[in-house]
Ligand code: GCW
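Here you get one chain, nothing else, as structure tokens; it is the form predicted on its own.
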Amino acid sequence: MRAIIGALIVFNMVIMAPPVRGESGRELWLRAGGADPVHVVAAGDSAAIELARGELRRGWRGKAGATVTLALGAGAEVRGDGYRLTASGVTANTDLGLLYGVYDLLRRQRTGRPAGEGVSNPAYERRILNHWDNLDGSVERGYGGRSIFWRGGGAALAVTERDRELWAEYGRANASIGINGTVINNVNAAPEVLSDACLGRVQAIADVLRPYGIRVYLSVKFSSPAQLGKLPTSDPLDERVVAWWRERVAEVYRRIPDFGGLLVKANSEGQPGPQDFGRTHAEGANMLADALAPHGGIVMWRAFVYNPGDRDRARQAYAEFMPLDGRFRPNVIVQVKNGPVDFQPREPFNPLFGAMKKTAVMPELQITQEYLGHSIHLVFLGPMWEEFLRSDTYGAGPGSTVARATDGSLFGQEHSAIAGVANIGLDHNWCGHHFAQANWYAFGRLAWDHTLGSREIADEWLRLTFAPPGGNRAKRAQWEDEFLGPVRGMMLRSWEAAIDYMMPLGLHHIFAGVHHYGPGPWYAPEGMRPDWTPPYYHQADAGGIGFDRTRRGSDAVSQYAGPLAALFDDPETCPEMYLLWFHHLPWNHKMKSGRTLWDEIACRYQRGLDQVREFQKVWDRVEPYVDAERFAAVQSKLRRHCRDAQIWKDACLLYFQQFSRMPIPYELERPVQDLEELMKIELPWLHHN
């Protein structure tokens, strides 16, 4: 009887305990959760101000019945769409600034930060997502489902009410973190995007996004005059080509008066460009810039270029673009990936940052984790971007950070911008992994304020995304101790953990072919161009490992400003995180830890695997604080993440051991798989879209 009574007591405690509200992640960081009444006083009734009113009424958590004033006329201290928080509300110089200020005010309330008073100005004029979405609805390097913008041609171009609802959800999420532009199609563009049929859909997208302050941009194919316009050439200096672009651009602006401009990938990976006609990147970009200038548009010209015959792919963007510095129109911005190769787990910053002083340069970051576990691995990218933006280029002496070299404060360019390759698709939670949402959020927050720290951003996102609604102070403190602290720590350690179990100490691009997901340091099919194979980058042989980019090697170090060139050139002063990026070193090279290089590599792989195992434990412990649906989804991803980290460790150590001929340190775990079997692994589940 006592056992039955005890069981009933436990049963009643379970059914009477308030359950964690079930959630799917659809609401992102804008979760509903109750609001107090508020009175809003605002002059004007623009679309942005109406949105601001609605957001205050939907999410106010300040004093019940308070009056919030939204006023224009914030003064010269507030720039562009910046705003000032005041004791009574928000002031700004634009309606959009008021909307941004309201989102900040509500964010502070929900995260427990004091509302305070002060000015917030955007670091970059244009804060843009790049969608690599194709017109057929597939997404290149997309891991969150099919495109939210495109379904295909013909009848699929018709716009539905569900389309408009989806785009409005997307617009609201972006506006809440200050993103004000979107490129809605792939940089590997189809010329048809400029056809009248496609422009009708682009116009509908722009109409939905306009109230949220989001301008639409398009990627265009440089050969469009020939392919779409049926001209005999696409030579940028041919008057027929110039006239064709002017007409097409004018038609875009007739439909979309606030159209942002064009993004161009030219003479890269087989894409056509001005060099096909003996012209320079500047001549190609300037032709488009002249067509856009009367309408206020910009050209974002990508510097992601490399030729198969060059001895070091990392040198090529600098070599091709530096001679053109100062030859671009003021409304051209050269868009440069954060590193000199291609969105690797860790790279030194691209040397074009800080070097191009007469040309606007914008960073291109990747949110979608093409090289960092797709939508399966939990990798928070805030620390990566923080490290990149705070790197000192020495372009104008000490303190010339990448951020200052690109936000207009160092060299005074007319326009400034930053882009992030989006991780957004039709998956119900938008990004394929609940924690991948944090990278979308982090990009927006850093694009607005690049002085923010990763810890602050992770803290905000977790509070907005997982904090239980309401609750007394004691329960909130318990949640902070038992959920917020451990999970925030997991996020902040996740990027370094990925580097350790994938490519420690400056190793890079040793992925299996095509999908860039699993390890493949051996991948080198016969006939493939060398710079598409891992051995080109790791250079492992009996004598050692690493790519020699010193003055005795490819001399990539000389593309950096003097202090950095000297630092990177010497293995004794080169930061160990870049050691094998810049140096080919013997396996017995002594590291700062006192270990040999081989032992250090092995220890890093083990450390990365151990860290991911710890992430599993952290997540399991916080189960009481997470709804069942999201808890199970993340737990499943972490299991796969851990299995993958084991594969990375075993595959890389067993492969490189063939060259080092040294034992794996005996205090470390032995590999649990055979190299021959690992080399046979195929990943059919990664054939997305």
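Sequential numbering from 1, following the sequence displayed. Nothing here was measured: the structure is a model prediction, and the numbers come from that model.
Keep in mind that the form predicted together with the ligand is missing from the display, and what follows is about it.
Asks: Considering non-hydrogen atoms and a 4.5 Å limit, which listed residue (R302, H377, R126, R404) is close to the ligand in the predicted complex?
Replies: That would be R302.
Asks: Just to be sure I understand the contacts: of H450, H434, R346, K265, which is the one whose heavy atoms reach within 4.5 angstroms of the ligand in the predicted complex?
Replies: None of the others qualify; the residue that does is K265.
Asks: Can D555 be called a contact residue for the ligand in the predicted complex at 4.5 Å between heavy atoms?
Replies: No.
Asks: Does the ligand come within 4.5 Å of any heavy atom of E370 in the predicted complex?
Replies: E370: yes, in contact with the ligand in the predicted complex.
Asks: Taking the ligand as it sits in the predicted complex, is H589 near enough to touch it, meaning that at least one heavy atom pair lies within 4.5 angstroms?
Replies: H589 lies outside the contact set for the ligand.
Asks: Quick check on N186: any heavy atom within 4.5 Å of the ligand in the predicted complex?
Replies: Contact check for N186: yes, within 4.5 Å of the ligand in the predicted complex.
Asks: Could you tell me which of 272-280, 206-214, 71-79, 337-345 sits within 4.5 Å of the ligand in the predicted complex, going by non-hydrogen atoms?
Replies: Contact criterion met by 337-345 only.
Asks: Out of 197-215, which residues reach within 4.5 Å of the ligand in the predicted complex, heavy atoms considered?
Replies: The stretch 197-215, when checked against the ligand in the predicted complex, contributes no residue at the 4.5 Å heavy-atom cut-off.
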